[in-house]
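Coming up is one lone chain in structure tokens, specifically the form predicted alone.
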């Protein structure tokens, strides 16, 4: 009799344990990475990013490799924006917690780290990337897993993903107006030099169509791998072609080698105009103002941009990272991205991605570059266009600007000569 009683008690205990274990696996345990975070069915991948009093966000830039010269400072600006927002009470009353990953200047690594941030860390959003190769590698991950990327660098256009907000310039906000200005002010004969990946090749495809339409002449076209350091042969080709301008789409530390070797060849900015779209104040620090003085760049923001917001931004950045540090266009665009996302979350009252995207439509913010507005149609932002000349102190003197912010046109729908460039019209 006693044995039967104890057997019944034991069975009851085991049954209760199994029931409790089953409940725990559904509600109290850690969900598999594939449940929720990896679906693209419209549910937010950020559901687990909200940990009571905290919201996790991803920071994904190259902190090592050839692109670190450019990306490290964007990472710094995004962290500063997070710190400032937290000091003001956070987002929805919650502290932002950055989860930092290194893309290591390697495009598959960017995709791998993006997947980790979404599926394992369950961040609410990611701020990151520089090269278009890194963005192109991450794009299918964000679309597959319904994540949200804020991309802070100018690029070649011809893209608009529902899972990416583009806070850098698209083509009609940098490259196209720069080419028009050069043709009108510096000459018709243009030599194209770029790194061998998607941004320079696509940008130059666009430029060649624009040159045909606007009376320009292609003097030559060359590409080198990222990290390339020997430009002696190419400089000889440029000298032989004798262009009015070199349109430079080199990225990373290849710019250091090219401009130093250009100077060593006896070619100065007075001899030949060089306009860059990936050389800003941070790169000038690495190359040397004495090497770059007189050369040109097209951006939407300079450290010298005259707005009250920029005065505060520059002061805060230098106070945090050192008086010798400089701000630059991608740095400002990364900083702006964090504030725009935070404003969209506050407006939505949630980190849910669908809600944030809806709230972001038409959102305005007084950025250091001037007032910016998110275009609800393509998730780019309205930006002013500026052309500047490098000065002896490493800063830019603004030579020309659009004055007002330019509506983003990533597929160049407003240009008849671009009709053959993309099917995304």
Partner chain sequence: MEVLFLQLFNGISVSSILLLIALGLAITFGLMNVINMAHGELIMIGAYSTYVTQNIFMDLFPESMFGWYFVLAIPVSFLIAFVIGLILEFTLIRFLYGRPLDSLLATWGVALVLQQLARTIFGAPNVGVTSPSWLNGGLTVLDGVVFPYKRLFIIALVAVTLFIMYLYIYRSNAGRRMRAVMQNRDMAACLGVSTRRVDALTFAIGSGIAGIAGCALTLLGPIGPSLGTYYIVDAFMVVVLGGVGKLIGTVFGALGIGVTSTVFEFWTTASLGKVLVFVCIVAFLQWRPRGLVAMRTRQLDS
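Since the model is a prediction, treat every value here as computed from it, not as a measurement. Residue numbers count along the first chain shown, from 1.
Although not depicted, the form predicted in complex with the partner chain is the subject of the following passage.
Not one of 293, 384 and 397 places a heavy atom within 4.5 Å of the partner chain in the predicted complex. Checking 258 to 266, 173 to 181, 146 to 154, 335 to 343 against the partner chain in the predicted complex, the stretch whose residues place heavy atoms within 4.5 Å of it is 258 to 266.
In the predicted complex, the partner chain lies farther than 4.5 Å from every heavy atom of residue 366. Mapping the unseen interface onto this chain, residue 229 counts among the residues with a heavy atom inside 4.5 Å of the partner chain in the predicted complex. A residue is said to contact a partner when one of its heavy atoms sits within 4.5 Å of a partner heavy atom; residue 379 fails this definition for the partner chain in the predicted complex, lying far away.
The shortest heavy atom separation between residue 214 and the partner chain in the predicted complex exceeds 4.5 Å. Checking 186, 94, 285, 318 for any heavy atom within 4.5 Å of the partner chain in the predicted complex turns up a single hit: 285. Though the partner chain is absent from this view, in the predicted complex it lies within 4.5 Å of a heavy atom of just one residue from 89, 308, 225, 322, which is 225. Using a 4.5 Å cut-off on any heavy atom, the residues of 62 to 81 that reach the partner chain in the predicted complex are, in sequence order, 63, 64, 65, 66, 68, 69, 72, 73.
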